[in-house]
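Before any questions on how it binds or moves, here is one chain, the form predicted alone, in structure tokens.
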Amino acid sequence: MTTVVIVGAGLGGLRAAESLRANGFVGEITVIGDEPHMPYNRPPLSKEALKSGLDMSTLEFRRKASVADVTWQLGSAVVACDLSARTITLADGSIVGFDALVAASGIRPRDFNIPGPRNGRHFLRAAADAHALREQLVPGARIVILGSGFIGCEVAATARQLGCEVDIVTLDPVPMYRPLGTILGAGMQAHHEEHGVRFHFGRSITEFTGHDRVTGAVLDDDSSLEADVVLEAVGSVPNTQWLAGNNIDLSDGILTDSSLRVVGSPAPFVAVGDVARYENALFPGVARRIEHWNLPTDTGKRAGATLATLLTGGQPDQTPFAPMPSFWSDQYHCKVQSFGLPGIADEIVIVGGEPSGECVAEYRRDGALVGVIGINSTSALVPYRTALMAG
């Protein structure tokens, strides 16, 4: 019987399995994940799960009946792959064969290996990370956050609501600079500072102090901050190391064509979610990895259909792939929502409200709309989504 192996037991892996079944694949499907959990929702890890504690039963995604026969091999990390031999190797040395492969291995936090004690320093990607961090966020605790992206800012907001003292250290000029730009970033900075968050812009951390546990951070201007707990949130790295040596493009994730078939693979192989790099027809010209919550579902559906077709000898759909990127972030009373790719804009125009309150901002590139962001303006964004899809 034909076997498909899915490396990664997150949302993208789940949606790929469901899509394989929906498109008529009746063979064996094995999903291999390095965490011990069934696929679960990650965005609450920086918000609700830190406030009220981690309850995996509320985070797990509902699974369609069609994947009831799927084998879930959890707590098993994949460390190597031979696409020519059609095998993967697990951390325990066991080898698993496949007829077709799905890469849904996602991303991991970037680690700059800053000198100093490790105890008290945290990343936030998995449920275990959230559980460990939650135990440290007690009233009066001093938390230093390295990085001012969404994860850093969401944790800062949650930590302040839990009564912690918060310092954010970032090289950027405003929080969430890359997705929001200067104008909206400054508006969100004002919200954070109103709640007592202290920013240290244009700074990095050169070392952490302490013996058995971190007690502080030394900045690159030789100033220092006291810390009971540290969160390192300075971006992510695609999990492609297990594919090294297969002569495929892993320069930034896994390069695919418009059907999400991996370019250059000798075996039937597709990639989904945060690890996949592909050209989006809505923003043509460059293949990109886009780490937005909705895209594991969109790519999983497309990739599952592609693989099911390949395994029956057919040609996959090569029509332009045009999923709409979207994200949201809840911080204090602010709901930040977006459609498109505001990060590629060269012009930002506020078309309603004020950045310090409710507002809508258009993001344009060469005069054309490429994204929109609203703060507490959900209904106002609906026409923009339509316009971006049409564009």
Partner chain sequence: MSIKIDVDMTKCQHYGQCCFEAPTVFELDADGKLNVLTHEVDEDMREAVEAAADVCPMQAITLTDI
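Keep in mind that what you see is a predicted model, and the values were worked out from it rather than measured. Positions refer to the first chain, counted from 1.
The form predicted in complex with its partner chain is left out here; the points below concern that form.
**Q** Classify Asn23 as contacting or not contacting its partner chain in the predicted complex by the rule of any non-hydrogen atom within 4.5 angstroms, answering yes or no.
**A** Heavy-atom contact with its partner chain at 4.5 Å: absent for Asn23.
**Q** Hey, in the predicted complex, does Lys64 get a heavy atom within 4.5 angstroms of its partner chain?
**A** Judged by the heavy-atom cut-off of 4.5 Å, Lys64 is in contact with its partner chain in the predicted complex.
**Q** According to a 4.5 angstroms non-hydrogen atom cut-off, is Tyr363 in contact with its partner chain in the predicted complex?
**A** Because no heavy atom of Tyr363 falls inside 4.5 Å of its partner chain in the predicted complex, the answer is no.
**Q** Using 4.5 Å between non-hydrogen atoms, is Phe201 touching its partner chain in the predicted complex?
**A** No, Phe201 sits far enough from its partner chain in the predicted complex that none of its heavy atoms falls within 4.5 Å.
**Q** Which of these stretches, 212-220, 114-122, 295-303, 238-246, has heavy atoms within 4.5 Å of its partner chain in the predicted complex?
**A** Single hit among the candidates: 295-303.
**Q** So which residues in 85-119, when you check its partner chain in the predicted complex, have a heavy atom no farther than 4.5 Å from it?
**A** The stretch 85-119, when checked against its partner chain in the predicted complex, contributes no residue at the 4.5 Å heavy-atom cut-off.
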